[in-house]
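Single chain ahead, by itself, as structure tokens, in the form predicted alone.
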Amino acid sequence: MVSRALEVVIIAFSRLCGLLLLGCVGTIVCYLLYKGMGAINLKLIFGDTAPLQALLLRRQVFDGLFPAIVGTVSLVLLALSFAVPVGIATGIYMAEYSQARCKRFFGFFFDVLASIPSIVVGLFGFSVAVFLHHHLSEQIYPCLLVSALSLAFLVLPYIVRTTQIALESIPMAIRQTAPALGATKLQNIFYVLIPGSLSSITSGLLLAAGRCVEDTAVIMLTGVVASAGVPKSIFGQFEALPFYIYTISSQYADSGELARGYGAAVILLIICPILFGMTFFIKNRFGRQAPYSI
């Protein structure tokens, strides 16, 4: 009787916490939409430049968010292109090939990396850029490439640990089925284990993408500026929405500029679901090939 009452209390408390969390997130999102939706228009994005001319990169946008949007998307895609292959490959090694002692050591190492503050990673990226500028080429400065590599380093532990845990959580009966039928270890990994754990691996990719989109401390030390325009190459400086929101919120001159900051925050909220949707599309596209689900 006592255990049943305790179970009811725990369930009720869990539901209350879930509703409280949902209410907090909903309040924040609704507040941003209320403050920022009125400021979103073509002028906010493209300024005085014709939208078609800006999209075709024929004219530069000086008073709009288009360069920051392009810079943010470019930064996230470039960072993930560095982090995802290395992170998934390392996670596969940790789960399938490493010995127990090696697994404990590198597991602790990646857990420590995951806890490093982003400002420290940004300072490290800035130091690397300065070192390369003085010892390799004077043409190297803090730029889009340095920011992307720094963000890739920042999110790499999440991808590694998520991939490792996803692969290790597959039941032993399923894990041994393909080798029993004559498949090699590599075939078992690519045709059974990875498709079967794709949903869990996708969670790590979503976390990494979200961290890349929102982080400001790293990019403000490694290449982002207020008025760089659309990045011309990976070695150029760039604009980004998180940095724009940061500068507007700390230096706005009137309510109109603050409204532009809220509008930029809403656009950033819109970009995040788009990136998440791309990740889910990849998961669903390749998940159909999975022989089972767990």
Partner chain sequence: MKIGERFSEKIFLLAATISVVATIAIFSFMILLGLPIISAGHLIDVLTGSWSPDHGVYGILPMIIGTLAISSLSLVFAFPLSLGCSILIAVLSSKRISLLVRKTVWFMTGIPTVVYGFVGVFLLVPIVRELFGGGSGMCILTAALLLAILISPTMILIFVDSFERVPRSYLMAVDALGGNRIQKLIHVILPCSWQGILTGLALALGRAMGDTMISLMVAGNAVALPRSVLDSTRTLTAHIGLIIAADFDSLEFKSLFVCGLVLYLFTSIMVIMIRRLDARAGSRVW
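Just so it is clear, the model here is predicted, and its values are computed rather than measured. Numbering follows the first chain given and starts at 1.
Not pictured, yet referred to below: the form predicted together with its partner chain.
For Ala226, no non-hydrogen atom is located within 4.5 Å of its partner chain in the predicted bound form, even though that partner is not displayed. Using a 4.5 angstroms threshold between heavy atoms, Ser137 stays clear of its partner chain in the predicted bound form. Within 4.5 Å of any heavy atom of its partner chain in the predicted bound form lies no heavy atom of Ala180. Its partner chain is not shown here, and in the predicted bound form it never comes within 4.5 Å of any heavy atom of Pro67. Stretch-level contact analysis of 169-177, 198-206, 71-79, 155-163 against its partner chain in the predicted bound form, using heavy atoms and a 4.5 Å limit, identifies 155-163. Residues of 129-144 that come within 4.5 Å of its partner chain in the predicted bound form, judged by any heavy atom, are Val130, Phe131, His134 in sequence order.
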